[in-house]
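Just the one chain here, the form predicted alone, laid out as structure tokens.
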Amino acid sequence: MSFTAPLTTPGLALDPHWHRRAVFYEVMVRSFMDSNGDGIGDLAGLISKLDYLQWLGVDALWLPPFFESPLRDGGYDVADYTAVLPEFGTIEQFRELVTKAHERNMRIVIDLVINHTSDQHPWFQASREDPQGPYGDYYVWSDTDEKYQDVRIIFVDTEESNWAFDPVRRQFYWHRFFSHQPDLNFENPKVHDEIFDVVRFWADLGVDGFRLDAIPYLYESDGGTGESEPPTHAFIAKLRAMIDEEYPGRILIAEANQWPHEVVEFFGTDEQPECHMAFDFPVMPRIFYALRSQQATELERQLSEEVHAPEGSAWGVFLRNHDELTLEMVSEEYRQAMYGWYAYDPRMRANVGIRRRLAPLLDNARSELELAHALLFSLPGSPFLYYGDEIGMGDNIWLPDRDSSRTPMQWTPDRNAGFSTADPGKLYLPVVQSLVYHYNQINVESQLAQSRSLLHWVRNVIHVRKAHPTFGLGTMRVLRTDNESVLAFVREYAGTGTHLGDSAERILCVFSFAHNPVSVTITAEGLEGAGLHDLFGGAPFPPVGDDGRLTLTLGSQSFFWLGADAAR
């Protein structure tokens, strides 16, 4: 299809539920493809790889910040919300990226970092130099660092306080993240207007959605926790109302590292909707816990307690992304076990989490990589992939901070892994050359040539998922099993008839975390007498008994996706 719609519309056929069925792919512009040989990935390079992403089955690209920035926090320290970092390209190239993606039926979601800016942002420079001027109240200033004592410090490994002293203004400024990232003052209505103008700027360029970074922290109050306070929700609702009115079809995604019963508040209410999507953080570490403990109990409990997303909304589920594998949502005992399994070298840790890619976390075990992906793609919500994980890319724990898992994408076995024609010493980060994950072995070109490669396997799973609307739109019921290593649930969708293939469907998903073959009996209420067939090959399976019981044998760390037919 060609892109003919004006940029003030979504750019694709308007489907208000597109985000519920989409497969998202997080792509770091700096890390993906270098088009001009300067050693840094750029927008033109990303455009050149859109055909690959379309082939893979990606529906939407999530781009972390590519704005003007001093890059002290990977671009999350924004110095200009409406300017592209020159080394990445130009606004015209970003417009071309949106157009080319839409031509391939893919959408573009960008990060919107509105809790804070860089201390190099002109707003902050003006605020510190002229307290009485138009920008004097754009940030949270105080004569004392004693306010908001009940608000926790997020980066406990680098920051001792949420306040920092500014020698120019001779006052303290508030920062929930690094001290070079002062928080904006949302008590000031002019800040609201500025943020709305930023959203309109990118939406007018055709952007299909915004990931609201660190969204719980917009407001703080005396005696409050500084997280998810009522005025924060009021602001998001106001932003959603503007989006719905001026840019229908665009979405807001909440990044809130909290329990689902707290995060669900970011969906809003029927009367005051807020975000269309929210990330589901607690499920992710429990997947990794199950893989090593061989116990599905904790994951089963978390999934059983999951809060359903409101009508028209969706959870965002993921295995890895650009952040560390956070362990904030687990007990200390749980955390120490995870460190022992996955971060035995202190260099693998960051903040309260683990800074490793998916394949190294799982020791490059193909069965575990398949099991983890199969679980991800069958959970309620939309899956988010991290660039390179589809080929099992490795990381480099000798690099600082989160750069360990932000190394250049490995395209070919040639120089610089095909990422850049630059002198290898000019690359912004070195390509991975470790023994197991060397770019000579792990790259797109070689895996395209192998029909049984991880890349082809991931693509196949994506396309099977896309063929069954139930995975995106259906409900989930966790089922009882007689084996604590096995997780079973049924996905059900009544169907709407409005989309091709949107008829009623039930899918039984079974996962074994055991390191040896097991037999399991599942109590499948509601599936009594149903016939079963494999979704991948269509092979028939023994039907569910009339008493609702089903016995299956699974290989070590394996799974089944079984379509349930009508009862015999």
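So that there is no doubt, residue numbering starts at 1 and follows the sequence shown. These numbers were taken from a predicted model, which means no experiment stands behind them.
The same protein has a further form, the form predicted in complex with 1-deoxynojirimycin, not shown here; the description that follows concerns it.
Asker: Contact with 1-deoxynojirimycin in the predicted complex for residue 389, defined as at least one heavy atom pair within 4.5 Å: yes or no?
Answerer: Judged by the heavy-atom cut-off of 4.5 Å, residue 389 is well away from 1-deoxynojirimycin in the predicted complex.
Asker: Using the partner position in the predicted complex, report whether residue 411 sits within 4.5 Å of 1-deoxynojirimycin, counting heavy atoms only.
Answerer: Contact check for residue 411: no, nothing within 4.5 Å of 1-deoxynojirimycin in the predicted complex.
Asker: Can residue 355 be called a contact residue for 1-deoxynojirimycin in the predicted complex at 4.5 Å between heavy atoms?
Answerer: Output for residue 355 is no: heavy atoms all beyond 4.5 Å of 1-deoxynojirimycin.
Asker: At the 4.5 Å heavy atom threshold, is residue 402 in contact with 1-deoxynojirimycin in the predicted complex?
Answerer: Flag for residue 402 set to yes.
Asker: Since exactly one of 148, 138, 76, 315 fits, which has a heavy atom within 4.5 Å of 1-deoxynojirimycin in the predicted complex?
Answerer: When 1-deoxynojirimycin is considered in the predicted complex, the option within 4.5 Å is 76.
Asker: Let me know the one among 406, 491, 335, 102 whose heavy atoms come within 4.5 Å of 1-deoxynojirimycin in the predicted complex, would you?
Answerer: Flagged contact: 406.
Asker: Please name which of the stretches 185-193, 466-474, 296-304, 210-218 has residues with heavy atoms lying within 4.5 Å of 1-deoxynojirimycin in the predicted complex.
Answerer: Contact criterion met by 210-218 only.
Asker: Pick out the residues of 164-183 whose heavy atoms come within 4.5 Å of 1-deoxynojirimycin in the predicted complex.
Answerer: Contacts from 164-183: 177, 181.
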